[in-house]
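There is one chain below, alone, in structure tokens, taken in the form predicted on its own.
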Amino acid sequence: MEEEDMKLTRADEVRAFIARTPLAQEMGLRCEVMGDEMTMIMPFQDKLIGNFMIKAIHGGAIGAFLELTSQAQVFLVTEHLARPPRPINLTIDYLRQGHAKDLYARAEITKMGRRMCSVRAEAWQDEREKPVTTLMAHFMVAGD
């Protein structure tokens, strides 16, 4: 096979990043990539419940889910990065209870610089217009 035939697409590299990340594996994350847009999915599992009385997904699981979604989105659209970006800071707003069902997330790059980028992400369950949690983050995109 020629070298070009064996080269992975950026979407394949993003899927490989998720597949080899222990936390993403533990949470059962998967992603659907269409062009430069990606939707991350966290299938519901009982081990993700933080409050069994109200069957709410743990806030830490949701926060980690949004952080990984954001990293994967930045990696998807930045061809010059050899590996996913490193987080600089994160702000997470918990808006609604995460119920005992699948969670979906998308991230959007709001500003891309030479050294860092700003990202906004949101997670939802039944209706995208009613996010469960949002995230604002900055990631280092410059080389080491």
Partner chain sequence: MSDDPASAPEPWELMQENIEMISGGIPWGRRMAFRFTRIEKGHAWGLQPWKERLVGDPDTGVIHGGVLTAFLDNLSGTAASSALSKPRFVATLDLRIDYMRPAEKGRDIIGEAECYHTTRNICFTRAWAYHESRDKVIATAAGAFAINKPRPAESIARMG
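What you are looking at is a predicted structure, and each value in this text was computed from that prediction instead of being measured. Residue numbers count along the first chain shown, from 1.
The same protein also has a form predicted in complex with its partner chain, omitted here; what follows describes it.
Enquirer: Counting only non-hydrogen atoms, which stretch in 105 to 113, 91 to 99, 31 to 39, 73 to 81 is within 4.5 Å of its partner chain in the model of the complex?
Expert: Contact-bearing stretch, as computed: 91 to 99.
Enquirer: Even though the partner isn't displayed, in the model of the complex is Cys117 close enough to its partner chain, meaning a heavy atom within 4.5 Å?
Expert: Because no heavy atom of Cys117 falls inside 4.5 Å of its partner chain in the model of the complex, the answer is no.
Enquirer: Give a yes or no for Gly60: in the model of the complex, does one of its heavy atoms lie within 4.5 Å of a heavy atom belonging to its partner chain?
Expert: Output for Gly60 is yes: heavy atoms within 4.5 Å of its partner chain.
Enquirer: Using the partner position in the model of the complex, report whether Arg20 sits within 4.5 Å of its partner chain, counting heavy atoms only.
Expert: Close contact exists here: in the model of the complex, Arg20 approaches its partner chain to within 4.5 Å, heavy atoms only.
Enquirer: With the partner left out here, which residues of 42 to 60 have a non-hydrogen atom within 4.5 Å of its partner chain in the model of the complex?
Expert: Heavy-atom contacts within 4.5 Å come from Asp46, Lys47, Leu48, Ile49, Gly50, Phe52, Met53, His58, Gly59, Gly60.
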